[in-house]
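One chain comes next, on its own, written out as structure tokens in the form predicted alone.
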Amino acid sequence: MTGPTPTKPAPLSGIRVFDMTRVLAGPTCTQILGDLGAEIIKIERPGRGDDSRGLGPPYLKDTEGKDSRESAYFLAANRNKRSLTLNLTSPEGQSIARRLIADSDVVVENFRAGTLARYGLGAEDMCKANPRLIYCSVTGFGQTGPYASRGGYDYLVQAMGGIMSVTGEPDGPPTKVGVGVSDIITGMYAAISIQAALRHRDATNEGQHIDMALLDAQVSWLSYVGENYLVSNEVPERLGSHHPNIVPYQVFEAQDGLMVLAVGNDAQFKRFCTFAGIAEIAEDERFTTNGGRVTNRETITSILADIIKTKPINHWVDGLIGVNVPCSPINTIDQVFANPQVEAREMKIEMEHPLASNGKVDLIGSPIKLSASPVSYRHPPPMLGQHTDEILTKLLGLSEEQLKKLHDDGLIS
């Protein structure tokens, strides 16, 4: 699928974003904004580009079947952007950046706190020059506090932010989440914050500085697990696939493999027991309420485990869906993209790409479904510097001679 073709202006159409981000958190933010219609000018280092271009294999196969420079990691977070290479450490490169920022609505950057200020490109200088500017800084630990000067990485923040301490089996070591969740949720929060700031600007004509930190976002993501501690003063422990507040809500072993049973309320538990042929269990006062099942977790889990392993996964999944009890196999990634619901929701899309062996690249689609102003897929993840000359010519009016000098001086590539 190629994704939706816009018939009406996208929600962020007309918004220009000067994107000085790399790897995952910042690029996740700007890809969301790009899907919603914003124009994203992605700034990359001449010759090297975004660090994530090298985070492979796998890489996109080119027309000769060889690995290109386009890593799957980079492809995942850089749709709907145009790539401009620019040396921000040089005075001339900084001057070009300032001129482009002056005509932008939003800046997103994820340099270490204080770095861009040394180049004259920090929030204070840029917001003073353009009072309507939304300037979003994405860092590991924020612009304030004792850790502000430290570099932040997803894995580090998963450890520091507590999520690893509650992930994994009770008798095993702490485990990181299988994707870079600290980066991704920070990017999502940043995108939400930018849209709120644009709404504020519409009302007041006032821009502002957004200070987004991976650690803050990760702590917020502790959600009910963190709140459990704040209310009880008891430190949560790893429960494996179990849920701290809901039972049964976990992985069980069926006759032919593992599956998830997610009973969310007492009525569902009663229907499960009826289907499983153990209706009397639902009438046992120890198990009639979720609170009782949490208190007697080991007992009820043992009873259900013995019953579930007598039948294959399909027996449970098909039967329980029929009585409105949530149950699912544990899909591998290939099974996810072959799932009819995932296909129907267009969560895999196809875009043209000049380096791809068949001229097209498969990408993960946006989950945002807007009825009146849908997301659009306009630009595939760009090749390094693909749009440099185009952007500098159209937006700054540079001549071919000026562009040649910039190329020759290594300020662009």
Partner chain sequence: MDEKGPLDGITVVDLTRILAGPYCTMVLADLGARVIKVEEPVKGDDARHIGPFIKGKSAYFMSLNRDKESIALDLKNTEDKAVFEKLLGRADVLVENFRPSTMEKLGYGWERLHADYPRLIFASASGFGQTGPYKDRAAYDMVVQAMGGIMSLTGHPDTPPTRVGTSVGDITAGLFTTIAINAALFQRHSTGIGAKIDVAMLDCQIAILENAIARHVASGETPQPLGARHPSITPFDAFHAADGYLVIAAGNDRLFEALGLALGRADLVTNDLFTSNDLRTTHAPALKDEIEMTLGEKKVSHWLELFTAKGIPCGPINTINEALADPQIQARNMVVESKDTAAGTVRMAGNPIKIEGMPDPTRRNPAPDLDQDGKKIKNEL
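Numbering follows the first chain given and starts at 1. It should be emphasised that the depicted structure is a prediction, and the values quoted were computed from it without experimental measurement.
The following text describes the form predicted together with the partner chain, which does not appear among the structures shown.
Chemist: In the predicted complex, is there a heavy atom of the partner chain that lies within 4.5 Å of any heavy atom of residue 209, even though the partner is absent here?
Modeler: Yes - in the predicted complex, heavy atoms of residue 209 and the partner chain come within 4.5 Å of each other.
Chemist: Taking the partner chain as it sits in the predicted complex, is residue 284 in contact with it (heavy atom to heavy atom, 4.5 Å or less)?
Modeler: No.
Chemist: How about residue 169 - does it come within 4.5 Å of the partner chain in the predicted complex, if we only consider non-hydrogen atoms?
Modeler: So residue 169 counts as contacting the partner chain.
Chemist: Taking heavy atoms and a 4.5 Å cut-off, does residue 340 contact the partner chain in the predicted complex?
Modeler: Yes.
Chemist: Please name which of the stretches 326-334, 84-92, 272-280, 305-313 has residues with heavy atoms lying within 4.5 Å of the partner chain in the predicted complex.
Modeler: Answer to the contact question: 326-334.
Chemist: So which of 145, 319, 120, 131 gets a non-hydrogen atom within 4.5 Å of the partner chain in the predicted complex?
Modeler: By the 4.5 Å heavy-atom cutoff, the listed residue in contact is 145.
Chemist: Under a 4.5 angstroms heavy atom criterion, identify the one residue in 100, 300, 184, 254 near the partner chain in the predicted complex.
Modeler: For this set of options, the contacting one is 184.
Chemist: What are the residues of 201-225, in order along the chain, with a heavy atom within 4.5 Å of the partner chain in the predicted complex?
Modeler: In sequence order, 202, 206, 208, 209, 210, 211, 212, 213, 215, 216, 217, 219, 220, 221, 222, 223, 224, 225 come within 4.5 Å of the partner.
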